[in-house]
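First come two forms of one protein chain, each written alone as structure tokens, so that there is a structure 1 and a structure 2.
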Structure 1
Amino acid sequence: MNYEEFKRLYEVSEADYENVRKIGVKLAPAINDFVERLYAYMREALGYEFEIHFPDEASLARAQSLSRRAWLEFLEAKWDETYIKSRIRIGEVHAQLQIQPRHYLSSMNKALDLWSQLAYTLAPNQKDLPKLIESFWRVGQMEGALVVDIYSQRTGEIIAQQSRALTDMSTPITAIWDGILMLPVVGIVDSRRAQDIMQRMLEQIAEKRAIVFILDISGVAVVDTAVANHLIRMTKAARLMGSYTIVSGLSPSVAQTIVELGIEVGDMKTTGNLQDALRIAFDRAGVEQTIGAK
């Protein structure tokens, strides 16, 4: 993350920091009063959400102490390593608690409002007070953007984790017989997923000493050149490991599409349905077929 970019976007200059420091010295003694009023506002405005985020006294006290520290840092207005780290931490905490950005940002707005009021009460004779408060808001709003940015990054990471977990679950390679593995592929196959499938397929072939691997693609939405390319590569890699791959479940329209695309499937073994694939697999694996054998 480029922190300088935030400064540029919010047109925050060194003079703004200087101004925040000037008024910050006057405001710091009121920190406890400030935190109390901020949390009173949040309790009122967030209602039930507030209860969810702070279910007991301990969690509330923890949050308040974090707020206290964060705001004291803010009043010192040092754009240093510690400051940035602590803002990242705030963003992470908000992501973990799944606090809605609108709740965070409105509370931020209220906080800046409270500080402005306190400034007029505590330092009525301060020179250039409106200007100092203007800087205060500028830096405060930039900080809001910074925290929300980190928040959305973390949320993105959580989604990526979940989708990885889903991918794991969507490659259920099953040993259906001695030496025969099967994987039904369902949905849309993109490069990352194809890579994933290939890796798990080869691992399982090695582990289970598979003679035949059946890849059933009847549930795949689209077989385009990229997917076909992946299928060919999987077949080749499996063959190098001494395993024979059968791609089953090619529907008439998929077969036609592959031909139209001009894909050379080479010696990749394909079948229209799973039954044919099983028959070939049993033959290869030397399984005697007594049921349904012709």
Structure 2
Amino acid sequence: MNYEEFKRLYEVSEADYENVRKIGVKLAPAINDFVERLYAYMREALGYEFEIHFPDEASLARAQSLSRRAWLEFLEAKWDETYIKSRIRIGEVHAQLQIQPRHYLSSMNKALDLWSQLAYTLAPNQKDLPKLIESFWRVGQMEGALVVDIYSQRTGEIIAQQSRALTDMSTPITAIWDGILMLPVVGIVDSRRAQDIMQRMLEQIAEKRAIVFILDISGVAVVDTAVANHLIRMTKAARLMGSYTIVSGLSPSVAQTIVELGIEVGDMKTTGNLQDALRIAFDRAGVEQTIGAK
């Protein structure tokens, strides 16, 4: 992330930092009063959400302590690497706790308003007070944008991790024998899911050194031209990895649909049921089949 970009976007200069430090000296002694007022606002404004984030006095006290330290750092206006890292951490914590950006930004806005009120109370004779407060707001808004940007990035990463976990769950590839893998596909196969299946399929083929891969589509809701083409691409990709692929679970209606649509399946090996696919797989893997032998 380019932090200089934030300075440009919010037109923050070194003079603004100096102004924050200048008024910060006057405001720092009022930090406890400020934190009490801020959290009183948050309790009233957030309502039930406040109770979720701060369910007991211990968690509330811990949050207030962290807030007190963060605002004292802000009043020092030292936008160095250590300070930026602390703001990144704030964004990460908000993402982990799933605190909504609108709640954070409303609290940030209230905080800047409270500091402005305190400034007029604590430094009423400061001749350049309006200019100092203007800098205070400019830097505060920039910090709010920085924290929300980090929040957005981390939330995106969390969603991506969850998506990958769901993909793994929806593509349960099982090693049914040494060198033989099977994946039962259930539901709808669209382009995105087909790509995820292919990626997982090739990764497992390489990792397990599979010589046969069974794709069972008996649970696929609809087999049309798109699905058939996805299956063909999967079998071709697996073949390039040195694995023989069998598509099992083709019902009579699915077979008829494929013929009516004029889909060319090429060299794709298909079977009507999983049992036949297993027989072929064991034969190619050189596994002696004794099931049902007399």
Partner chain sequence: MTQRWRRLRILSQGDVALAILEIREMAKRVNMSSGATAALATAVSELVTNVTKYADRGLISMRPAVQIRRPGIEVIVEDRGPGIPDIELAMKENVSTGGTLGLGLPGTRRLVDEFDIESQPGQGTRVRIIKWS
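In this text, the rigid core denotes the largest set of C-alpha atoms whose superposition between the two forms falls within 1.5 Å. Residue numbering: sequential along structure 1, first residue numbered 1. Every value quoted in this text rests on a predicted model; they were computed, and no experiment measured them.
Chemist: Here are two forms of the same chain; which is the form predicted alone?
Modeler: The chain shown as structure 2 is the form predicted alone.
Chemist: Once both forms sit on the same rigid core, is the C-alpha displacement of residue 29 at or above 2 Å between structures 1 and 2?
Modeler: After core superposition, the C-alpha of residue 29 moves less than 2 Å between structures 1 and 2.
Chemist: Would you say residue 119 moves between structures 1 and 2, meaning its CA shifts by 2 Å or more once the core is fitted?
Modeler: No, the C-alpha moves less than 2 Å.
Chemist: Once the core is aligned, please say if the CA of residue 241 is shifted by at least 2 angstroms between structures 1 and 2.
Modeler: Passes the 2 Å threshold, so yes.
Chemist: How many angstrom apart are the two C-alpha positions of residue 230 between structures 1 and 2, if you fit on the rigid core?
Modeler: Superposing on the rigid core gives a C-alpha shift of 9.0 Å for residue 230.
Chemist: Quote the shift of the Cα of residue 179 between structures 1 and 2 to one decimal place in Å, the two forms being superposed on the rigid core.
Modeler: Displacement of the alpha carbon, after core fit: 6.2 Å.
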